[in-house]
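Only one chain is shown below, in structure tokens, and it's the form predicted alone.
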């Protein structure tokens, strides 16, 4: 839906002022603060047209106007200018990753806290979800005479493990040999590219001992289930700045905030909110565009982060529809880019 340039400038002024003050905006305020070069009377006429078109609303009879969800959507899609992070902001964000990179979970948790402090919104991060189908390493660790811990490390960094109970004892050197064969034959090979000849090579090399062959087949069976395991395995959800919701004037209604907080307590619900889109760039869902009724007075902005070009998680900010969209989107994109860099290094170790 197109609107002329003057109406665009009036709408943008209303949105900027309302985001800053959380108070309805009148024509005199726009004329005084935004230098549009027209009189308050002209601005009132433009506001009446914008209201009729559904871009702004009048919450009370004698009040000014506030943006509607349609108005915010038009602003994000057509009017919003990019926000440039300052050198100090970029330095602070990057320094956190340098300091905390030793612990992957701590990095993500600290990222959520930092995001919430930067923006005064609630940060939601979906931790790394395993992707890929290449084997990096197999290890067999003897625990008891007939009990072995199998550890499979995938190229995505995910670690699969399973207890294997053997029908009889297997010598340590045989366990090392099985690991060596798997690592030498399968390392770096995608599961879907595993050829029959390669499986035959494994069989030929290990068939001289029945116990070893049985163990190898168990490993291979579990390894071939890895894609299904990875698909069903879901990353942990990290929250930062939940209290920021309470600081927003839109959420002073106790029942409204209670319902929002009840969803924030449910990890599965948050995971669905973050994963119900396949888009890899910035995604902005405003008000009723969020499928959960509890979040239909909120906006949720998300962006993916990746390793080896594969999206493995999502970073998001939850706040009122009266969000600073340019700043929030720029910060999210920057954080996602340095998180991707940091995880690339982490998984390459």
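Predicted, not measured: the structure shown is a model, and the values here were computed from it. Positions refer to the first chain, counted from 1.
Below, we refer to the form predicted in complex with the DNA, which is not included among the displayed structures.
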### Query
Is there a heavy atom of residue 288 no more than 4.5 Å from a heavy atom of the DNA in the predicted bound form?
no
Report yes if any heavy atom of residue 314 sits within 4.5 Å of a heavy atom of the DNA in the predicted bound form; otherwise report no. no
My question is simply whether residue 26 lines the interface with the DNA in the predicted bound form - judged by any non-hydrogen atom within 4.5 Å. yes
Although the partner isn't part of this model, could you tell me whether residue 47 comes within 4.5 Å of the DNA in the predicted bound form, counting any heavy atom of the residue? yes
Given 302 to 310, 38 to 46, 320 to 328, 280 to 288, the stretch touching the DNA in the predicted bound form at heavy atoms within 4.5 Å is 38 to 46
Q: Verify the flagged residues 6, 58 and 63 against the DNA in the predicted bound form: is each one within 4.5 Å by a non-hydrogen atom?
A: yes
